[in-house]
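So this one's two forms of a single chain, laid out as structure tokens and tagged structure 1 and structure 2.
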Structure 1
């Protein structure tokens, strides 16, 4: 009689879970190359028809442009604030440091729906309309904790003696940061920027509360398309999104390792 060990059952269960999670993604990738209007298996050929049609869809291209600009601005602002905050928390002592650090990291622990509603109500209380600037502020709030944690972890590993040696040799605080600290922080900075861009580019839950009709992002546009009708263009757009969201973290890891070796 065949005996099945406990570890074999755990492995089988794990494989089934991963298959259940990734099977829909694989289906979207495959159907994006389907030449026909409606998906069917086996497919009757291979075609880039829906990618070509997607490239001529002005509303989607506009949403894609918004997502790229929003993600880039979010990455820049989150990284700039994250570097300054990490330097303050790791290198200096001041009253309320732990409390402020906890507040900046807390968005990770708060559901995005609550963050989205809270910021929207706050803007309404200030009697300000929804705008692209609101989108940038909201996404900076969402991504700042990740940048802060990554940069802090790297900064803790940089010995204070390096900076002190530069100051003893005559460098001021700005020169020390530019010539010593910043090059050593570069892997974490690049990783933080790419991760914040990816999170901003993919976000939909909070963005639904902040976006306007003119400032829709790609995930919001996909959500709207699914509500109205199911078009094969969605599969092509989903494939592009999947490739971008996978490529960005991989690029972040590669650049981090490369610059870490160089440092």
Structure 2
């Protein structure tokens, strides 16, 4: 009897923690459909009013475009650099391997404020203005450690033997890469790109240092809007962001399964 009640307490506690974690998300989703002028309770019906208003908000659409381009460029560069480094760590033995691995991953623990100031000081010294390129470079530095961690975990499973078998059977280096290595790498590449895209798309702190009035991303825009007060439009924008960031991993999961079947 005691065992059962102890376990149900643990289960109840866990459910409460889930409620805590999801409360802010659920509240945004619910409030974004409130037609009221002020984004707060009580709910006075169900309306898409704020989504329609959002769709006509030029500055936000512009920020969305910026965020998408920035996220995509970050994903490409960060994953390319990350995959190469991960191959070195997974495939080869060389002196200082563990130290270098820790060195490349440790930026995760450096506060974004420090990264923000550091890169800004650096381009100031180079006498360059803040630009979109700075955002891309900054976001690659921010996402690289995560990409390296994710991709490395995926790559461990790919055995050297597959490639050697292809070579023995008469494939040349290019064929081996195209037929064996690349298909095996695809899930790792997708995971890396998805991860870096999401981190870049969501990033706020470092981006606040690097963004200019022309290069605002969606989170920077939201941050600016919050200075006035919390409007229902922000909740609607939040709903769009939540749906996007949940849909993206699901889509990637679906695609990678499709790839796996096709192979």
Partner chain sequence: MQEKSWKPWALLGPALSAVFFLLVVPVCFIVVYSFWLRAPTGADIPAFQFGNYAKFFADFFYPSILIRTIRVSLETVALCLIMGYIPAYFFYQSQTKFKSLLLLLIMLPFWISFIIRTMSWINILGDTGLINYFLIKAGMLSKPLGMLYNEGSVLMGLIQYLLPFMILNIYVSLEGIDKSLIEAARSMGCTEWQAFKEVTLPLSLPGVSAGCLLVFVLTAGTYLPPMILGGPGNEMIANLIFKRVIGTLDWPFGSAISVMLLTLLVVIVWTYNRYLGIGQIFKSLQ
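In this text, all values refer to a predicted model and were calculated from it rather than measured experimentally. Numbering follows the first chain given and starts at 1. Basically, rigid core = biggest C-alpha set you can superpose within 1.5 Å across the two forms.
J.: 1 or 2: which is the form predicted on its own?
T.: Only structure 1 matches the form predicted on its own.
J.: When you overlay the rigid core, is the Cα of residue 101 off by 2 Å or more between structure 1 and structure 2?
T.: Residue 101 C-alpha, core-superposed: shift of 2 Å or more.
J.: Taking the rigid core as the superposition reference, indicate whether the CA of residue 76 shifts 2 angstroms or more between structure 1 and structure 2.
T.: No, residue 76 moves less than 2 Å.
J.: Keeping the rigid core superposed, can you check how far the CA atom of residue 163 moves between structure 1 and structure 2, in angstrom?
T.: Rounded to one decimal, the shift is 2.5 Å.
J.: How much does the C-alpha of residue 12 move between structure 1 and structure 2, in Å, given a rigid core overlay?
T.: Looking at the C-alpha of residue 12 between structure 1 and structure 2, the offset is 4.8 Å.
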